[in-house]
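Below are two forms of the same protein chain, given as structure tokens: structure 1, then structure 2.
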Structure 1
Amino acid sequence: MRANVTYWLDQTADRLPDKTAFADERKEITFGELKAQAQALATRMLERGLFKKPVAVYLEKGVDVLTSFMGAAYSCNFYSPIDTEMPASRVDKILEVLKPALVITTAALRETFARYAYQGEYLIFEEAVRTPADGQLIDAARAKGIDTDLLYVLFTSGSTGIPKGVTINHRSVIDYIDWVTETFDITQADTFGNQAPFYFDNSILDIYSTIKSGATTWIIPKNLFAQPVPLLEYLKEKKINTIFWVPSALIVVAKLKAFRNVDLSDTLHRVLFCGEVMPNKQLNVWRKFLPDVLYANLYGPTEITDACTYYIVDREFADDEPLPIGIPMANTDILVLNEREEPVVGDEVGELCVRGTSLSMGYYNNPEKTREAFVQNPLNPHVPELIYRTGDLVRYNEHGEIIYLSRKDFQIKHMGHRIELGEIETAVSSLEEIALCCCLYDEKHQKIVLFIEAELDKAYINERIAKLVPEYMLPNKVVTLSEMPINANGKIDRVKLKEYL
């Protein structure tokens, strides 16, 4: 058994050395070049005595970031991306937790990075990739590695805004990508269009599906996601047939009716999405214009290697229906537990918990938070067995599929009723005039506050959704925004919206 993801690159580079692996606005790199440059970086790290150490990658989003990731993996160190557009306060917090042994950056960016509280070593990318690789040194390191060694640490804020370093090992990524490539039949003939930042776990599917299968990934310029017609023209020009985007990116395309200008019926084969709720109203627009595409809703937090359940859309849905998050992925067990720590019965609501190879090793340098989220399986008193508590409330529908309702911390007590704010959002999202919406609870004034990107008053909204939710779930206040705040991952920024309460 191969215990390191770099063996995929070995095999693909041997098979398809001259095929483009990754491409951005400035450069392309073949699988052969990717292997050679990554091994050059790995050699420099191993020569410095680095083994199983944290390596920060501070580069602008592009091909060089992915080369650096693979360099860290070849040297049996683990990487953590730090985006050049991250706020300084967040970078300082990440460095405080991670304490990297090395930072991979460019000579120009090193000057920028000097403003942070980092006194360690640097590897200058453009110099290191030009030096010869030492294959024997790399193979000796990999021979000492095992599949539970860390591959990466991704920092996630959650609802608090305090970064937590989610640790994922090689085995978890190998298990996940084996499932992805088999389930969606990914081959060297496929071309991905990457949307997710490389510090966001959705990017794992693009990166490692490409490396394993010999597909090609185009890193889509960020500015195009605000220009739906040029975005679709880009997909057509690059012959991108597979996308894995956050729903917010898909919603913008549906809202501005870009499909009327660009025909992707002969281009796009798969539309996968994950990261937040996908409203059926906007999904139905995609399905209307591209009826032959495979659509799949993936669900899962960063702590379980990107995703743990999936639903391949196989039937029609009304605009006001919730889209299922589906069934467990292979080699993954889903427990839906009620407040008594028992499996739910019927359509009872419970917390979704995950068991299996996909689980993170915990939060880096944060044992307290690790103990809170990764706990002993209450259904197994016999041997130690961890489950991850997602904090997400779900239920089963009549098809045995899981339906996401809301975050546990989005469940409120209002007028004596227990309410999932996600149910209100689903109802509001079904209105023709609404593209993006978000519900928060104002504890101080005990009001359900709805944020929308539309000029609609509360009376109109409540009248329209009164048939979908009970009276006690109708919003008490509606705030109209010219533009919904979006965080760096492309999701609605709930932390920012709290400032409006």
Structure 2
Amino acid sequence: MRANVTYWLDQTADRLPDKTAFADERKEITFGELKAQAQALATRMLERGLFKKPVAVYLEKGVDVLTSFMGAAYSCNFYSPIDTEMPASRVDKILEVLKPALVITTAALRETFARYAYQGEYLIFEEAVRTPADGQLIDAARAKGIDTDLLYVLFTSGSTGIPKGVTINHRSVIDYIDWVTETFDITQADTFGNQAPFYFDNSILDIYSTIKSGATTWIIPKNLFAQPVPLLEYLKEKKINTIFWVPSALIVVAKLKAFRNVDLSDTLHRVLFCGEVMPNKQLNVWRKFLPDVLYANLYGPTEITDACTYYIVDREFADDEPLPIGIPMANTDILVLNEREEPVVGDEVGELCVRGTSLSMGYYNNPEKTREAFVQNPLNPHVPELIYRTGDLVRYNEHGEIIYLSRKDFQIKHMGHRIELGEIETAVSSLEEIALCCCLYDEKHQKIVLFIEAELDKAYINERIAKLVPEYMLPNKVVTLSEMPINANGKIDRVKLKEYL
């Protein structure tokens, strides 16, 4: 039994030492090099006595981040990527929750990191990867590790302004990637085009399918996602045959009909997507230009290891029909519960809840939020068993497939990013001039709309809160009201506010 994802890398590096594993604009790394460098990092961590400890990876997106992840995994520590573009105050909050035992970074980025309250140890990437590895030390550590030890912590938006650290163990990733590689028949002949940032769980599919099967992943430069024609040219040039992107990235390509300029029919074989609603209107454009591609809609939150249901597109849909999120993945149970905590009947609406190996171990250092979302299975009074409540409202269609409807709470998806509107409100409320504020999402125009009582404009507000929240959370529209509507319970009347959208 293999309890650590790095056994996949051992096998693939033995089988295909000289094949490119990952490549970015500056660098390509083979499986052999990846193993050697990751083991060098792991050795340095183990020599410092670090075992089952949180390791922050503070590097620009690229091959080196993945080498660092594998280094943490080889040493049985667990990694958490810290986005170098994230505002400093948010990084502060993440560090407060994570309390890393070590930070992997470059000599140059270490200077930037010095602004944070962190007092712990550093591993300078470019120096450490050149040092010798101690395979015996690593094997001894892995022999003590078990598959429910943590592999990573990914931070998502938190409604109170404190990001939540979703913890995932080795077993959950092993289970998920076994399913991915079997279902989509991923082999060493495949080439992925990675879009997802490494702090976003969609990247798990690209990273670990590559390591397990010996495929190759090209890390696509971020700026290409704003230029559909060069983006498709890149896919063609690198012979990318599989992509797993957020729908927002697919929609940009469909809107500009970039397919007219670049023909991918010989190279692109699989288009998988996950993370938000994929409108059939835009999927139909893809299907028209690339009819032979396999399309699959995957669904799931970070808390259940990327995805828990899937739908392989197998029939025609009108532009205004919803695309199903489908059926449960293997070894995953989906419960759709109504307000009485009973399984829904027929096409009744209920909350999608998940049971199984894929479940996160909880939010790191946050027992309160963990207790709210991970609860005893109400259908099992016999033994302790947790389910994860996603907060997503769904129903079954006549084919027995699940249809996603909406959220129960104030979490939104904006350009593929998961955002708690409360996190933006907390940031805005911190401004001196603001007494009361409320954020809503205008689905139709895909805009974050901020309501305030003060006479302040968008540029002023955004300049100030840019220090607190990532750029993608900045309001797209600010509406000043003479008085905020209040409902019978004395709360801000969100229903009334919707009328202003």
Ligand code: AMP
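Here the structure is a predicted model, which is why all the values come from computation and not from measurement. Residue numbering: structure 1 sequence, from 1.
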Pick one: is 1 or 2 the form predicted together with the ligand? 2
Pick from Asp320, Asp409, Leu379, Leu46: which one is at the hinge of the rigid turn seen between the two structures? Asp409
Would you pull out the angle in degrees that the smaller rigid body rotates by relative to the larger one between the two structures? 146
